[in-house]
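Just the one chain here, laid out as structure tokens, in the form predicted on its own.
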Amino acid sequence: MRRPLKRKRWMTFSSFLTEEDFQLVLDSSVVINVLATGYAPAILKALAVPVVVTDYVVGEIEKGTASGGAESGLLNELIADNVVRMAQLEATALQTFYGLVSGTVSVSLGDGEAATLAFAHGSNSSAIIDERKATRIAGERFGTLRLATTIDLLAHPNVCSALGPGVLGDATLRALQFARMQVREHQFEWVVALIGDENVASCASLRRLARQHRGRSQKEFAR
């Protein structure tokens, strides 16, 4: 295990998760991000709500493991330890799933994303999903479905309290470096404060946002 980062400027960031999120359904990329932190059991237990993955997501993780990843074994440990529950789509959720995977590329989703949204919608749960296309389609088709991202999991007050800034910074950096965790623009400053400016260049998924922020800073300085 890596040593926790020493310095942290602790910033306030409001996770999208609230008491209304009584059950969380994780997409494949979110599972991979959380596993990459190295602190998956601590993070998921700290959320203090049931965490679910569909069998389609488990299947996608297994395919990744077949090409050399270790995620499937780690996910199976979480399932065996009852930290995560695996669920199957039934009846209406299965019909919703088929609707989401059908159509042209611009309006359809992969199996894991579609299953995550279909199960969350059918069970009145919250879908935790990072991909922008899936987020857009969810907003268009399921207006009341609650959505959040991996960063919202990490920024949840219970997780922040359980891990503390040093360990949380180390966990976030690992997810960025090893899983290329996606970060939204409104999450960028919180993430950078957590991992340190010196680590931004080593995170591929942060580079575009870092350029945008530098550009805005230069314009403001030039005024």
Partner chain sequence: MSNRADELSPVVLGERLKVARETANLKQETGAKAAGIARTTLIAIEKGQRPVRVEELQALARCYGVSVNSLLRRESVHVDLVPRFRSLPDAGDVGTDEAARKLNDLVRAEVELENILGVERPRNYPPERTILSGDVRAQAEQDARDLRHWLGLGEGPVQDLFALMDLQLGIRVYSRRLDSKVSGLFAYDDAVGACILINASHRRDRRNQSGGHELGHFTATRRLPEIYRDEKYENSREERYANAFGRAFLTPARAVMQKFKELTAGSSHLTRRHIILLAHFFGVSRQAMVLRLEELELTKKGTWDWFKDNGGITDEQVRQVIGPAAFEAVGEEKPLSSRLYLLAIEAYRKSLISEGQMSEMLKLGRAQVRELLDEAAAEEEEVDDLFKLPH
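Numbering follows the first chain given and starts at 1. Quantities reported herein were computed from a predicted structural model and do not represent experimental measurements.
From this point on, the text means the form predicted together with the partner chain, which you will not see here.
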Inset, instruction - Report the stretch among 152-160, 53-61, 165-173, 194-202 that approaches the partner chain in the predicted complex to within 4.5 Å, counting heavy atoms only. - result: 53-61
Inset, instruction - Run the contact test on 28, 32 and 179 with a 4.5 Å heavy atom cut-off to the partner chain in the predicted complex and return yes or no. - result: yes
Inset, instruction - Report yes if any heavy atom of residue 85 sits within 4.5 Å of a heavy atom of the partner chain in the predicted complex; otherwise report no. - result: no
Inset, instruction - Answer with yes or no whether residue 144 is in contact with the partner chain in the predicted complex, where contact means some heavy atom within 4.5 Å. - result: no
Inset, instruction - Tell me, yes or no, whether residue 213 is in contact with the partner chain in the predicted complex, where a contact means a heavy atom of each within 4.5 Å. - result: no
Legend entry - Touches the partner chain in the predicted complex: residue 122 (any heavy atom, 4.5 Å): no
Legend entry - the partner chain in the predicted complex - contacting residues of 98-119, heavy atom within 4.5 Å: 98, 99, 101, 102, 103, 104, 105, 106, 108, 109, 110, 111, 113
